[in-house]
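Just one chain is shown here, as structure tokens, and it is the form predicted alone.
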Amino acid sequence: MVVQDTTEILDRILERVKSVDPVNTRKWFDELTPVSFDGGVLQIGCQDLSWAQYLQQRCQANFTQAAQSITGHLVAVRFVVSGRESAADTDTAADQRHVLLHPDYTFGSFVVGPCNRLAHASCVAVSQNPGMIYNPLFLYGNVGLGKTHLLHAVCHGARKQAPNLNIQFHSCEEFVNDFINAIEQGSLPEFQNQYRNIDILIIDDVQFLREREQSQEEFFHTFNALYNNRKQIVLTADSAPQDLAALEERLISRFKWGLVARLDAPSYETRVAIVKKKSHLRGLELPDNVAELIAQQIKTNIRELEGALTIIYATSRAADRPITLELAKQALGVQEVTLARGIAMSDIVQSISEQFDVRITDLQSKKRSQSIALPRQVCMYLARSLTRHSLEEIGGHLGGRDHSTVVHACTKIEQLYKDDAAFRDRIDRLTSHIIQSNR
């Protein structure tokens, strides 16, 4: 079969795959190339190992079905990288079996804002000079704020600098299970060799070492061996080291030897940028007002932003309609009342002052008494929900407080909103009052 025919076949396969599997479609699919079509095997060329692994894991079945449907023959699809044979056989070292990197999770696709600037900068530095600075690097924050993205980006960046680096990248659960299996199979020396003779160790969700005494002991010695040999250690958790209950003090102490960086929930502007970046990776043309709608509706979790984008895209395809603001509202079930415009900080401060019977000057003061602190936190929460002000601007309106104070206030009010029905009713009434007053 000639190359031109193979190129045409691949174009048709890509068109079919994009249609049946929009969730896993990526813009870089257009850069895939036909390598050969011989003996019933279609080899598709990828520019990067992570591309081949992604296609092998998530898209293999759809590519195969499309190829068989288009050619009318039994066809096997294989993904190759730089002349290697297939994604399953492209590992050049045993350690690479444990570094299946997501092609989307690079530094270039990570949106930097006040909520994550330190974490991002430290990860870039570590990827460029592993073991030399910020060792260990400890990242913490709630679920869905970008910790795993940064871990993948560290691997991408480090391998770009030195392709032969030996990297072990695991969840904490995988580390524990490997350790248990090594004990059961009598292969503890092999386990220790796997983890202690490497260049970079990355463990995600290290908080799951809690109440696992033997695993903590083994990790302690692994940590010491790597640290003493100036090998890079990167850890993530849902809490700061000192807040990790049921972990040995000697481990907690070591986690704080290097740099500890927190990731907070993204501001409105950062959320809009994230939605636009995610849509670009998928090759979607997303109107600005739709990106803004998604950012307004989802405030604390980046994964939920991606989920909303997927829902909108799926609705668009099912209805055979372009993505518009009206379609996005329909897809997300957005009530029109939540989309009021023109609300100013002064409107919110005035309403809070009246509803909580506190003076505006007290809300904007440095006073921290509970009778003033709670209304001020409600102000911050509503300002983030109903205006487009940045975290810094909201804090500036309320006594010159920084963005981390605003994030803490919003988190506290969101928790109260979930846990306390009376408080939830009060906030809902207050929100409706502010919206109706500004129609």
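Everything numeric here is computed off the predicted structure, so don't read it as measured data. Start at 1 with the first residue shown and count on from there.
Below, we refer to the form predicted in complex with a small molecule, which is not included among the displayed structures.
Only one of 194 to 202, 154 to 162, 225 to 233, 101 to 109 lies within 4.5 Å of the small molecule in the predicted bound form by heavy atoms, and it is 101 to 109. A heavy atom within 4.5 Å of the small molecule in the predicted bound form is found for one listed residue only; from A295, V77, L145, L209, this is L145.
None of K256, H280, R303, H170 but one reaches within 4.5 angstroms of the small molecule in the predicted bound form through a heavy atom, and that residue is R303. Within this chain, N116 lines the site of the small molecule in the predicted bound form, having a heavy atom no more than 4.5 Å away.
Among heavy atoms of V272, none comes within 4.5 Å of the small molecule in the predicted bound form. The closest heavy atom approach of K276 to the small molecule in the predicted bound form falls outside 4.5 Å.
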